[in-house]
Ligand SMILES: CC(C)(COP(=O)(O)OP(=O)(O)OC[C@H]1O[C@@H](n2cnc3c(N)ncnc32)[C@H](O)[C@@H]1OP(=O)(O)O)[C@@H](O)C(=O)NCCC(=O)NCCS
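To begin, one chain is listed below as structure tokens, in the form predicted on its own.
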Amino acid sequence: MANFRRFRPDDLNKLSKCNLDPLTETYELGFYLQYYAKWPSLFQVAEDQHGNIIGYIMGKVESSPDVYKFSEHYLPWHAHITAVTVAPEARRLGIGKLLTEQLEAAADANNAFFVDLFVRSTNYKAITFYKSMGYSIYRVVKDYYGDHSSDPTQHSEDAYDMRKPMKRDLKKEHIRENGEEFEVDPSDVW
């Protein structure tokens, strides 16, 4: 059984089991600490009975800067999943789902319109997982990733911007059904 709790700085040395997956983005230490300092309640870990980190989620709540308020790419107050990952030996136990549900509850508590995330367009397992939790593709971000996870001859990879409406979005204004048809450049997302 997993224990769920907030991330602590001394957990940084315990994330390796989760970050060895080629589809998991790994960040510089300062990036993790920035999330810990700014959004501690949205940075959660799952640990096994031995204290090993077997999953984590990093998120934040934000909106686009006001200067972009009239841009077609403006994002209102929302929660963003920066990373969610589970160690290979702990997958298919519901840990990723529980971590995501915790972040969604925090999004509702923060009165967010939606939760969004970016996922590689070739990460079919993750896309299926998110769709099973009510996320849909809002748009395709062309060449978002500077590398390709499965084809070394490719120099970049597209991302799907996936979203799930929260309680505040009563009219479902921040999702769409045909998101695969909407392509944007990385410079269009904040």
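Residue indices: 1-based, along the sequence shown. Since the structure is predicted, the reported quantities are computational estimates derived from the model, not experimental observations. Between two forms, the rigid core is the largest collection of C-alphas that superpose within 1.5 Å.
The same protein has a further form, the form predicted together with this ligand, not shown here; the description that follows concerns it.
At the 4.5 Å threshold, heavy atoms of L23 reach this ligand in the predicted bound form. Using a 4.5 angstroms threshold between heavy atoms, V140 stays clear of this ligand in the predicted bound form. In the predicted bound form, this ligand stays beyond 4.5 Å of every heavy atom belonging to F114. In the predicted bound form, N123 approaches this ligand with a heavy atom inside 4.5 Å. The putative spot formed by L12, K17 and Y35 is not touched by this ligand in the predicted bound form; no residue has a non-hydrogen atom within 4.5 angstroms of it. Looking at 114-139, the residues that come within 4.5 Å of this ligand in the predicted bound form, counting any heavy atom, are F118, V119, N123, K125, A126, T128, F129, Y130, S132. Shown in the overlay between the shown form and the other one, fitted on the rigid core, is a CA shift at E25 of 2 Å or greater.
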